[in-house]
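One chain comes next, on its own, written as structure tokens: the form predicted alone.
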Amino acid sequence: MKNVLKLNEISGVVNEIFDMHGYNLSKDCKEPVAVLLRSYDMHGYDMPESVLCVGRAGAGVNNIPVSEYAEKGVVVFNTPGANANAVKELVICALLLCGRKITDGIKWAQTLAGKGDEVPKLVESGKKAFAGGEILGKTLGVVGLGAIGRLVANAAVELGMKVIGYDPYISIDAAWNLNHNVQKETDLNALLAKSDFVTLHIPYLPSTKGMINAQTLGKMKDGASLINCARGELAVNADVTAVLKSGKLNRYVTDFPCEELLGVDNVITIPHLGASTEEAEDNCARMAAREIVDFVENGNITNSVNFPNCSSSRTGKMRIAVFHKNVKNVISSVSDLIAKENINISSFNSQSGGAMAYALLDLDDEISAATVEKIRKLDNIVRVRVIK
């Protein structure tokens, strides 16, 4: 029985997968092979030495020290796309909230409590203050066409909107699954100038921090609305509120409330509900559990944020998984040591990305513990796993 430590409450559907493979999921267990979490902050966390991997049931990994764990050979997984539909639906809701003064109208209607039979007449006389516009025929600019952005773009087309997409790093799969009516834009400023609504679907990186600022907001079409269900740090809040007060920006809807946005006119703050659906939590939990099991049992890496994806079917009697720095001649040194035992490598898969690299070597026979130890002591080796 292998133990998996959970740091947050996780959807019970994970037990379907863990039970099938003989894993025990618990919030209090000894020598866990993996950690499963959602929002728990692992910065400064005392990681048990037995842990091989961390599974994040969600896309964002800001709560996990991914680079630090890479140096220890601990793989960090996330679950991209598992909550995409949930976020897409919230973005469509945000579009409607931008176009119509729905939230303002709801708040006002609550003030009519106690007016008795006067309420219907008061509603009819007061509703004109909350008139808005439709999204039909309007232009939506989608910044980022990954799993979520693509779904938003396709849904907006179905709702009768003109859709412009911007993503210089779009994957082939995303492009294939994008509605052919989505127009490609290669210049972000051009997209901002053309769009009645702009929605952000890009990761939070040093290069994207504060990308929505006074300069980019100034490029937006007068009276446009901005939706941010990606990351709060993508926007400079002070610049957003200033542009709202000037009247150039109509609405700002964000899934990331903070003190400086609360109570600001024409800012709608949603309490981080993007992935808060039962379906999304189930999907994320299942994906994270499968990633953990496949890695622990086979060494396969899928959807890691600190090591390259690398997976293959098992072919030999023994599999060696080698984590190493992305420098020359590391794997050749490993294969030389294996060759000295006169053992054939039946299958080999090596992938690199950034500072780290990872290799799976299937062997026709078992090598000695002494040779494994020699491999561990090679320069630039981070971690070595023997998988039988």
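The model shown is predicted, which means the values in this text are computed figures rather than measured ones. One rule holds for the numbers: they count along the sequence shown, beginning at 1.
One more form of this protein exists, namely the form predicted together with a small molecule; it is left out here, but the text below deals with it.
4.5 angstroms heavy atom contact with the small molecule in the predicted bound form for Gly141: It does not: once the small molecule is placed as it appears in the predicted bound form, Gly141 has no heavy atom within 4.5 Å of it.
Whether Phe130 contacts the small molecule in the predicted bound form should be assessed with a 4.5 Å heavy atom distance threshold; does it? Outside the cut-off, so no.
Do Asn83 and the small molecule come within 4.5 Å of each other in the predicted bound form, heavy atoms counted? Because a heavy atom of Asn83 falls inside 4.5 Å of the small molecule in the predicted bound form, the answer is yes.
Does Pro203 make contact with the small molecule in the predicted bound form, using a 4.5 Å heavy atom cut-off? Looking in the predicted bound form, residue contacts with the small molecule include Pro203, since a heavy atom lies within 4.5 Å.
Contact residue in the predicted bound form, chosen from Lys317, Lys245, His272, Lys72 - any heavy atom within 4.5 Å of the small molecule: Only one listed residue qualifies here, and that residue is His272.
Pick from Ala109, Val157, Val264, Ile170: which has a non-hydrogen atom within 4.5 Å of the small molecule in the predicted bound form? If I apply the 4.5 Å criterion carefully, the residue I get is Ile170.
Among 272 to 280, 285 to 293, 130 to 138, 305 to 313, which stretch has residues with heavy atoms no more than 4.5 Å from the small molecule in the predicted bound form? Going through the listed ranges, the match is 272 to 280.
Does every residue of Ala193, Ala224 and Val253 put a non-hydrogen atom within 4.5 angstroms of the small molecule in the predicted bound form? No: no residue has a heavy atom within 4.5 Å of the partner.
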